[in-house]
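Only one chain comes next, encoded as structure tokens, the form predicted on its own.
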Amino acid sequence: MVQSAKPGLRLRVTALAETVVRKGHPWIFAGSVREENRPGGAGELAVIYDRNDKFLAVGLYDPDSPIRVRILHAGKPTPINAAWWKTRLEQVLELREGIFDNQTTGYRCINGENDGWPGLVLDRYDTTLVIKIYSAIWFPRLTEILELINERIPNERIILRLSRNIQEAAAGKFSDGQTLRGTPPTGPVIFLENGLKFEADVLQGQKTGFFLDQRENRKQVESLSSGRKVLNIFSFSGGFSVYAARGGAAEVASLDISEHALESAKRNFALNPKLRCPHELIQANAFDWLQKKVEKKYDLIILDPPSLAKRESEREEALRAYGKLIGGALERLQSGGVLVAASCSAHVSADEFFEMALATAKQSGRKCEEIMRTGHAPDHPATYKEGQYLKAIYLQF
């Protein structure tokens, strides 16, 4: 006797969740699921019906995550098959056509939920591609997706990076830093950004190896650097520092707590031998260093800390920490100088961050002029609230 295939996974959700999905939000949380016809497996397609038993959306099911379903499509029913995935990939690549020339070979090709690929990002570093996944929903589909990407984007290798929360679930199948295609890199991968060379640690580095999302802000810093003494706080691998040097800075200092990051910054300067700007490396905790009383002042300070609010409960504390950092940076800023303050904390909204920055500036008693505000780069679109994390404000004192 032949057993019939198990029925498709069908879910019903709360009225509030229905409304949220119709407005385009890409997540359904576990607490919003009020009915499912059977247990689902990671990566299985789940069809969501509304209270009138009509199709609402389809997404990828994750039984082990608070985000129970990551939406792929909402509206009218459509088959999710190989042709659908191919079209979805073409759509996101078309959005990036014409943005970059041959002087920029490092950029984001797929930006997760914001591009309709929930829990997956794809970055290009010259001929190396890096896929990073944040949910186990992709494990059953990785081979299929890999083939699509390989067919569409020329490359020498494809590297897999895994979010920490799914590395245990991947054991025995995939591993962080695994080379999925081609030969493993023997060291950092070199790529171009606006004609400057940088290295990316695609095997173990933060994110996929480099902070590609700050490209436009780095370019702005370059335009402001001529003749200035520049301090790059939370410098990581020195992206802002290299741009400042090319922009004609009189001197640049890169400050980071990580010796590994500062060594990378040093190598990035070496990759661009035409840069003649003196470059000082300062290994220190930024919060402690900014509290020290010193005489040296800077004309341009970049303040780009890591996320200070990993969850909503940390939002108020993060705002206080940002204010402390900005206040400390202003003590080091020369009259007539420019402060660039950035935040990558999704739980701190842009309005909250800008309001705090301006309030801190006012408290300093110094005359302040706002130059500009910036948000997401074009290859890092933000289409829902939680995806809107990056913001920066430029202030002249």
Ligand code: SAH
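So that there is no doubt, residue numbering starts at 1 and follows the sequence shown. No experiment lies behind these values; they were computed from the predicted model shown.
Just so it is clear, the following notes concern the form predicted together with S-adenosyl-L-homocysteine (SAH), a form of the same protein that is not shown.
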query	finding
Selected contact from Ile166, Leu255, Ile326, Ala265, since only one has a non-hydrogen atom within 4.5 angstroms of S-adenosyl-L-homocysteine (SAH) in the model of the complex	Leu255
Leu281, Ala286, Ala170, Leu120 - the one with a heavy atom within 4.5 Å of S-adenosyl-L-homocysteine (SAH) in the model of the complex	Ala286
Option from 221 to 229, 175 to 183, 270 to 278, 256 to 264 whose residues, in the model of the complex, bring a heavy atom within 4.5 Å of S-adenosyl-L-homocysteine (SAH)	256 to 264
S-adenosyl-L-homocysteine (SAH) in the model of the complex reached by all of Phe211, Gln214 and Phe236, non-hydrogen atom within 4.5 Å	yes
Contact flag, Asn194 vs S-adenosyl-L-homocysteine (SAH) in the model of the complex, heavy atom cut 4.5 Å	no
Contact test in the model of the complex: Pro306 vs S-adenosyl-L-homocysteine (SAH), heavy atoms, 4.5 Å	yes
Proximity of Gln206 to S-adenosyl-L-homocysteine (SAH) in the model of the complex, heavy atoms at 4.5 Å	yes
